[in-house]
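Next up: a single chain in structure tokens, the form predicted on its own.
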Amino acid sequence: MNFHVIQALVLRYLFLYTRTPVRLVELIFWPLVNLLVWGYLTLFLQQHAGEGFPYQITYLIGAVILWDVLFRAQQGVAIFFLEDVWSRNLLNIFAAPVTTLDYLVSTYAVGMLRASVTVSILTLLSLVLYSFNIFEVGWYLAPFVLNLLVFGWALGMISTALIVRWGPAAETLAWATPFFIQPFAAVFYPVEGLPPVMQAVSKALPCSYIFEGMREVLRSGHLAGHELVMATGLNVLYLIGAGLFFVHIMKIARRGGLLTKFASQ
């Protein structure tokens, strides 16, 4: 792993935002829309549900913020790849002395940066608009965010590998993949509210334990170690599996000339 190569790849991506600031709209607009929609829904429920819905209803705002961590981490990996496709730069990258590990680590760094920007904005706005402070979860916030970042990276590698395998026609997977698992992720509702079959799928996703853990911490101030242990263990498996899948697909792409499809369209 060459840190100079990783730094160069990350800087190349950041230059896209310094040269074309309109790209920042994508980082801010959709997270802001989600926060406004779910935030004002929360206020409505608090105002009209009486004592039946206490402070816990603010889980919705916390869920929006934490979901964006996962989504932006996944987008960092997938969009990093697509930026090279759109600029006809993909073959140049892989013809240069850039290893697969260098490339993946640079996408992880970009995903972390994207998540940091949007989460910082959402955290500030949720405090100003709704008096909700995500830091109320205390030290649990660090493992929550780290687990969501790792799972987002795994989803990003899977979606990118599928795009490489199926070609430019599969580019929509860069945005669709996180929403395939969102109904099972227990983002806005508990796992026990799902049908039994969906609960089985939900329990196989590390992010479901994080969102359940967030609600438990906001409700009681404490969290049993089971959720974090399960989330971390599953994340290790997903990250290893996604990494092996990505490397395997890239080997197939190099041998079969699949990357040239992106250069010719």
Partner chain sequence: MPEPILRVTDLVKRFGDFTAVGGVSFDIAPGEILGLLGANGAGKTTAINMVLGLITPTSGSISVFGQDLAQHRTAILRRMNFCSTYTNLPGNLLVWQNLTVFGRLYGVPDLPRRIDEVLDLLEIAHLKKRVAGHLSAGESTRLNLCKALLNRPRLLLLDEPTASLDPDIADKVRKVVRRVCQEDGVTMLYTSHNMRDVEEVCDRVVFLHKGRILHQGTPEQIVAHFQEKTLEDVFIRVARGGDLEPRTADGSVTPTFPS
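Residue numbers count along the first chain shown, from 1. Predicted model only: the values in this text are computed from it and were never measured.
We do not show the form predicted in complex with the partner chain, though everything after this point is about it.
Non-hydrogen atom contact Leu9 with the partner chain in the predicted bound form at 4.5 angstroms
Looking in the predicted bound form, residue contacts with the partner chain include Leu9, since a heavy atom lies within 4.5 Å.
With the partner left out of view, is Thr123 within 4.5 angstroms of the partner chain in the predicted bound form by any non-hydrogen atom?
Looking in the predicted bound form, residue contacts with the partner chain do not include Thr123, since no heavy atom lies within 4.5 Å.
Would Gly241 sit within 4.5 Å of the partner chain in the predicted bound form, counting heavy atoms only?
Flag for Gly241 set to no.
Answer for Leu141 alone: is it within 4.5 Å of the partner chain in the predicted bound form, judged on heavy atom distances?
Looking in the predicted bound form, residue contacts with the partner chain do not include Leu141, since no heavy atom lies within 4.5 Å.
All of Val105, Arg165 and Trp175 with a heavy atom within 4.5 Å of the partner chain in the predicted bound form:
Result no, not one residue of the spot touches the partner chain.
Just one of 177 to 185, 108 to 116, 95 to 103, 155 to 163 has residues with a heavy atom within 4.5 Å of the partner chain in the predicted bound form, so point it out.
Within 4.5 Å of the partner lies stretch 95 to 103.
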